[in-house]
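What follows is one chain in structure tokens, specifically the form predicted on its own.
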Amino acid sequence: MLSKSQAKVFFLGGTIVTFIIFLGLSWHSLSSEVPKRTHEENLSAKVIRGKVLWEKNNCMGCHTILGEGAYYAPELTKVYERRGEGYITAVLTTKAPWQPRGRKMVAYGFSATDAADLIGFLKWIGETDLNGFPPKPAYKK
């Protein structure tokens, strides 16, 4: 059994060691892993303008991206891979609201330039290494 002072030393020592390990792992992730997985070299002005449009139009109010956002509309992390540029352009530039599978999509009527910027952002997000997220559904054959 530990005395009160020994328990304090044990607790503080364990806390300090764990905190140092946490700092080391955080530094490793932020300095080497994140840039490698996100492909920072592919960030362009187009991608950044697309991100600004994404935030300005509150797309996360309905959609999720990288697992974050609302769950009303589909996850868009890998939408470029699933649907392709033509489909996404048609959705973003349409002037009429539509209801895929009963969910109402607002008709933003983006210009071709704005749609290209958003597509660039979605393509960049889709190329991010996410360790297998989102998982592919296991369809029954």
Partner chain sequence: MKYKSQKVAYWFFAFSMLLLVLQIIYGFIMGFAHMGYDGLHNIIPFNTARAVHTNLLVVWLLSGFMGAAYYIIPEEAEVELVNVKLAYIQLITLALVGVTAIIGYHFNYWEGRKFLEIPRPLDWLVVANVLTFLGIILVTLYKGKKRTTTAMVLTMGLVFAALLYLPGMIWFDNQTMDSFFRWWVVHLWVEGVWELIMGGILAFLLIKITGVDREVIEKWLYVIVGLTFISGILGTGHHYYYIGVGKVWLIVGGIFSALEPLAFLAMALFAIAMYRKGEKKHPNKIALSWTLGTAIVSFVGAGLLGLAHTLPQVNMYTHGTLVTAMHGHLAFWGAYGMIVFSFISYALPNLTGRNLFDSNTGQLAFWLSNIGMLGMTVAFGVAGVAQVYLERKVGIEFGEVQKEIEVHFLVLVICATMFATGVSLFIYEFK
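Please read all numbers here as calculations on a predicted model, not as lab measurements. Numbering follows the first chain given and starts at 1. The term rigid core refers to the maximal set of C-alpha atoms that superpose within 1.5 Å between the two forms.
Below, we turn to the form predicted together with the partner chain, even though it does not appear here.
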May I ask you to check whether Glu33 falls inside a 4.5 Å heavy atom distance of the partner chain in the model of the complex?
-> yes
Does Ser26 make contact with the partner chain in the model of the complex, using a 4.5 Å heavy atom cut-off?
-> yes
Would you please decide whether Asp129 lies within 4.5 angstroms of the partner chain in the model of the complex, comparing each non-hydrogen atom pair?
-> yes
Should Tyr108 be counted as a contact of the partner chain in the model of the complex, where contact means heavy atoms within 4.5 Å?
-> yes
Contact set, 15-48 vs the partner chain in the model of the complex - heavy atom within 4.5 angstroms | Thr15, Thr18, Phe19, Ile21, Phe22, Leu23, Leu25, Ser26, Ser29, Leu30, Glu33, Val34, Arg37, Thr38, Glu40, Leu43, Ile48
Yes/no, Arg37 Cα shift of 2 Å or more between this form and the one not shown with rigid core fixed | no
When the two forms are laid on each other by their rigid core, does Ser26 show a Cα shift of 2 Å or more between this form and the one not shown?
-> yes
